[in-house]
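Next up is one chain by itself, shown in structure tokens, the form predicted on its own.
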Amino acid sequence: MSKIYAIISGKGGTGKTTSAINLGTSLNHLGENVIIIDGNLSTPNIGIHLGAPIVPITLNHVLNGQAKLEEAIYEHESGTKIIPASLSLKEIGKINYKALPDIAKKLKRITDHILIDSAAGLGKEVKSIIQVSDEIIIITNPEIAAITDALKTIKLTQEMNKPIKGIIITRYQGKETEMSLPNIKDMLESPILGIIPEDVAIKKSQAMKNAVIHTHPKSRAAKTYLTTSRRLLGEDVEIEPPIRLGFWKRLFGKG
């Protein structure tokens, strides 16, 4: 059965877009049919991250009835399909959010997994994405401020009667200044879907306009995104916190 996952975060800078891209490409790598949608209509990033900041037809055009859904689907060189949003400031004021449910129904007929990268925060834009989604994936960091915002996000999804698929903790380093994994799980009262380490390979992959599982497949980040995607598919894969690197390995990006 086809499912729509909203990738959301209570605050910016948590790695939400990076996670949407790497989860989608990991699912594609595993043989799944997937489409990544840039639902961050005010400040879109999917196209920028994948080397296509400007395309002829975007999600905005589809929402406003100016193009068909199929015309806004692009295939990245990795084979992953994406639907970018427009970078034009003129398009922001013309977004027809009421068209989202119909688009969601059409997408579920043509693919198995739909990942929607939402805007940061808990505004109207995010609520519209949550409403059309089947399950929610929350992205956060192991810092108290990010976890607090994640908790607010969970409360919102509960109020909207949307189930949490799981929490993905990004930029994990295992430092004493970070919240412990047991404390995070207890505070959020939601399953942890994956723990992604702080990894220089992520920044390198972004510079190369591709997902880390393709640019640096042996990196710790690539391996953990892949196992996270397997859990998303329902596989019983044990979660192991990424091993903390020594100073010299962190400094030179090795390991």
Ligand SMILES: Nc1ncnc2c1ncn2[C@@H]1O[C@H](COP(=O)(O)OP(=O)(O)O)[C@@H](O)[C@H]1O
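Numbering starts at 1 and follows the sequence shown. Since the structure is predicted, the reported quantities are computational estimates derived from the model, not experimental observations.
If you look for the form predicted in complex with this ligand, you will not find it shown, but the lines that follow are about it.
For the chain shown alone, Thr17 is a contact residue for this ligand in the model of the complex, at least one non-hydrogen atom being within 4.5 angstroms. Although the partner is absent here, Lys203 is a contact residue: one of its heavy atoms lies within 4.5 angstroms of this ligand in the model of the complex. Within this chain, Gly13 lines the site of this ligand in the model of the complex, having a heavy atom no more than 4.5 Å away.
In the model of the complex, at least one heavy atom of Arg171 sits within 4.5 Å of a heavy atom of this ligand. Of the candidate stretches 195-203, 226-234, 65-73, 28-36, only 195-203 contains residues with a heavy atom within 4.5 Å of this ligand in the model of the complex.
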